[in-house]
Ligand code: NAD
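Shown next as structure tokens: one chain only, the form predicted alone.
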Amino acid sequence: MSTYNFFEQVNKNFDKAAKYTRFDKGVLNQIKKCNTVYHVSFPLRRDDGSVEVIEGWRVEHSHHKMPTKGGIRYSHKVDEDETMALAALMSYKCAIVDVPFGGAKGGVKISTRSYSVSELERITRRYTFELVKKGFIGPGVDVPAPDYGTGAREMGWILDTYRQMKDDLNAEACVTGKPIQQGGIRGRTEATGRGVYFGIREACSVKKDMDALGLSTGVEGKTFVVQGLGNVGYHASKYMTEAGAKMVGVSELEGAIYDPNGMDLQALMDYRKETGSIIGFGNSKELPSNKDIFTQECDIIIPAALESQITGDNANGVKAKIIAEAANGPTTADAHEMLKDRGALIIPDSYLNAGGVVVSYFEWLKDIQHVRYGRMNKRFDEESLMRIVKELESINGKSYSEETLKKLTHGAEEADLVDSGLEETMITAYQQITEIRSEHKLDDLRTAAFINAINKIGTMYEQMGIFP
């Protein structure tokens, strides 16, 4: 069985793209190095009175723009290499979607299922204390967010702890992905999955690429399997099915199922909530192992779990024509080459799962500005639209129904503006990547995405005068 060093995999992709940029070796080495790595250990008093030592990390990969930004992951698999790799990906991801942050990442080495809520709160608050103590968190310094194993609850604990330690007017901007009542933003929960859908939709709209794959344009009618029905996988699947795609396979912790006739997502979620498992749902068949989900017949694979899932050991069995990387680093470098040589279209993680950081950026801006999106203009826009509609009624000699009037004059609320900003960002970023791919006559999107990121970060370093 092959073993994979995650940070090494990221740097292999970086080096491949770096050949197409104008920067010398020294500049490139600076870009891909992690600037700061903080490894912390602290004691936890368990509910039963015993004491356990908890390990955690916070890595700031690049300070070319501040603050740095990246999620906090709770997993028994967390280690320094993974945290460094994810921090690096965050730098490139932010650059690709033009979000003005440097990349960072955090992790605590625990399995959340093994701890009570009160224990998780104590872990989160102590981890935050360590970050504050060493200057690894703050609205203008380093801004965490949720990741695997964490959510709005943990982000709320982080904010509360930061506030207790810092007298900061902009404290709410020290972390994103918070509950709405604590300065969170509407649309953040579904942001990454929504962004995955927008990215897949953009890829499927390029006729030249779809013709090469033997597929029609558009999402409608395409079949897909998803690995992981967490927040990202669920919302990506939700928007895919709403657009007319058919979900034919799912893999989760308890196993994997497949049904070529398709599955109802909400019915599956209800079944799992009731039984505690996806196994046995409807007419689906259980697969021998979780990773067998990748070898099933479908048009699109959406890996939405952890890194290094499609590797050199199983890539040859992949039948899908599109691999949509909703997770970070789900495809290893050797698997990428094998899939690319077979003609598959790989939509890279550094672009596709950037929806979370895009909307986190909107949340950070909201908290810095201390005003909710839509508050200033919603009523004005509605009144302006109503005047236009009334003028049209007068000209046409007909009146619109109350329901139609409501739709025509609806002023944008926070969720509408967030969704619009996310869609615009994902569309623009995909166009940039495809233009770079065409310019350099490349046969894959990942290299084009990395070229895009390296050019932006390298130019920023030059403008800062770091390399005279």
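Numbering starts at 1 and runs along the sequence shown. Remember, it's a predicted structure, so these values are computed and weren't measured experimentally.
What comes next is about the form predicted together with the named molecule, which is not displayed.
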T83, G138 and P144 each touching the named molecule in the model of the complex (heavy atom, 4.5 Å):
no
Any non-hydrogen atom of D259 within 4.5 angstroms of the named molecule in the model of the complex:
no
Given that the named molecule is not shown alongside this chain, does D292 nevertheless sit within 4.5 Å of it in the model of the complex, heavy atom to heavy atom?
no
Is A326 one of the residues lying within 4.5 Å of the named molecule in the model of the complex, judged by heavy atom distances?
yes
Give a yes or no for T128: in the model of the complex, does one of its heavy atoms lie within 4.5 Å of a heavy atom belonging to the named molecule?
no
Quick one: which of 382 to 390, 224 to 232, 158 to 166, 115 to 123 gets within 4.5 Å of the named molecule in the model of the complex, going by heavy atoms?
224 to 232
Answer option from S350, T331, T192, T176, heavy atom within 4.5 Å of the named molecule in the model of the complex:
T192
